[in-house]
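Below you'll find only one chain, the form predicted on its own, shown as structure tokens.
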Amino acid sequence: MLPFLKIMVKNLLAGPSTDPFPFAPAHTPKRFRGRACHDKEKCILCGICRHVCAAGAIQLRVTEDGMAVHWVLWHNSCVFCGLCAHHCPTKALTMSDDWHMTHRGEERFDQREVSFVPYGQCSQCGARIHPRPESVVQQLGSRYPERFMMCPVCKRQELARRVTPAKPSITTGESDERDSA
């Protein structure tokens, strides 16, 4: 009986061992994966997040006018695996420590994150290309920034222009004979 009283007194002096949630903020471990956050300023619309999403919670929809894309993440379908954030090449997707996902049944279609990401323009012809934010240009296109801002057609033409040697001047024997006569 005495060992039990000893443990009880020790626990009473130590206080509660659980968080008083929801009356106070709960402790969240550093590596905990909560709600995914999308930064539309860094997004290049590569679609890798949608491809690797195990739950199919990410959708990319082109707007009716074709000038932008709606990036949508359904939090009700997300399983917080973090694959989208892991594979995002520009770190536009991050996992937050916000795990508060309680909601009423009628709010189930509001549990989503929507970003409007406009397309960019080719620096040569003005054609529609995937967006190239300045931070992405510095990170991925720092070697040839002018080429990084081109559409595939203009980029191909620019590369062909650089590779093709200059045409040699055609000389005929007639002009040589007139000059000597």
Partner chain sequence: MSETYTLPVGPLHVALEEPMYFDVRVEGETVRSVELSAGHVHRGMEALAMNRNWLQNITLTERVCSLCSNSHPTTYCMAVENLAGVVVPERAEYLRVIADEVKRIASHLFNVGIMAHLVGFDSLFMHAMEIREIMQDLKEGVYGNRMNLGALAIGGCRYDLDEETTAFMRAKLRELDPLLTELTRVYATDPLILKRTRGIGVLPMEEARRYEVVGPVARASGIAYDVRRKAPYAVYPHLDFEVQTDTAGDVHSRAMLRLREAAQSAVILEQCLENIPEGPICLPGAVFIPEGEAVARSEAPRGEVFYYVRSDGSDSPQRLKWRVPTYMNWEALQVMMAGCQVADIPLIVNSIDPCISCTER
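Positions refer to the first chain, counted from 1. Being a predicted model, the structure only gives us computed values, none of them experimental.
There is another form of this protein, the form predicted together with the partner chain, and it is not shown here; the text below is about that form.
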Options 149-157, 117-125, 58-66, 24-32; stretch whose heavy atom lies within 4.5 Å of the partner chain in the model of the complex: 24-32
None of 54, 37, 137, 46 but one has a heavy atom within 4.5 Å of the partner chain in the model of the complex; the exception is 54
Within 4.5 Å of the partner chain in the model of the complex, all of 20, 132 and 145 (non-hydrogen atom): no
At 4.5 Å between heavy atoms, is residue 89 in contact with the partner chain in the model of the complex? no
My question is simply whether residue 101 lines the interface with the partner chain in the model of the complex - judged by any non-hydrogen atom within 4.5 Å. no
Check residue 10 for me: does it contact the partner chain in the model of the complex (non-hydrogen atoms, 4.5 angstroms)? yes
Heavy atoms within 4.5 Å of the partner chain in the model of the complex: does residue 72 have any? no
